[in-house]
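Take a look at this single chain in structure tokens; it is the form predicted on its own.
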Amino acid sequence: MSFDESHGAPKGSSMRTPLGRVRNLGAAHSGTSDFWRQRITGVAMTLLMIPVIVIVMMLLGRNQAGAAQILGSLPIAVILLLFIFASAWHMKIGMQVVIEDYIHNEKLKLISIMLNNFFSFAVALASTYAILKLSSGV
């Protein structure tokens, strides 16, 4: 194989730079979608943080009937549900990145990712159930 003396690349190879060949691809060659999803959920959680803190402060010192009355409001239940979904998704993505980066055994990595997905879904489901049950007054 002969090499182009000016660039050291094999003749007939792509004229694209190494950066151009891997643009928008991470180490897993799956792109940057998880990066952007994590940033979007982080921004969503940041925007929802103040309303959630206000709601939690409104719930302090209330009994279940008082909490159900506050959570019975549709806007409050929607804010809490949005915060729960954004938090659970953010948690799932963040833990998946840690698992992919630091667990090198492929079987253990697969099991860990599956458990992470299950746990994130279970947390979101249980939290959603609790909010809906309290907001319905049952």
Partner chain sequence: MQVYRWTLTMALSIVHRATGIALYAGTLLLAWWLIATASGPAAYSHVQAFTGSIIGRLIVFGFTWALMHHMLSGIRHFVWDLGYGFKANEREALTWGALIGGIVLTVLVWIIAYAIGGGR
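In this text the structure is predicted, and so the values were computed from the model without any measurement. Numbering follows the first chain given and starts at 1.
Separately, the form predicted in complex with its partner chain exists; it is not shown, and the next lines address it.
Undergrad: Would you classify residue 46 as touching its partner chain in the model of the complex, given a 4.5 Å non-hydrogen atom cut-off?
TA: Residue-level check for residue 46: yes, a contact with its partner chain.
Undergrad: Would residue 53 count as touching its partner chain in the model of the complex under a 4.5 Å heavy atom rule?
TA: Close contact exists here: in the model of the complex, residue 53 approaches its partner chain to within 4.5 Å, heavy atoms only.
Undergrad: Can any non-hydrogen atom of residue 74 be found within 4.5 angstroms of its partner chain in the model of the complex?
TA: Taking the distances in the model of the complex, the answer for residue 74 is no, it never comes within 4.5 Å of its partner chain.
Undergrad: Does any part of residue 64 reach within 4.5 Å of its partner chain in the model of the complex? Heavy atoms only, please.
TA: Residue 64: contacts its partner chain in the model of the complex.
Undergrad: At 4.5 Å, heavy atom to heavy atom, what parts of 117-136 sit next to its partner chain in the model of the complex? List them in sequence order, or say none.
TA: Result: 119, 120, 123, 126, 127, 130, 131, 133, 134.
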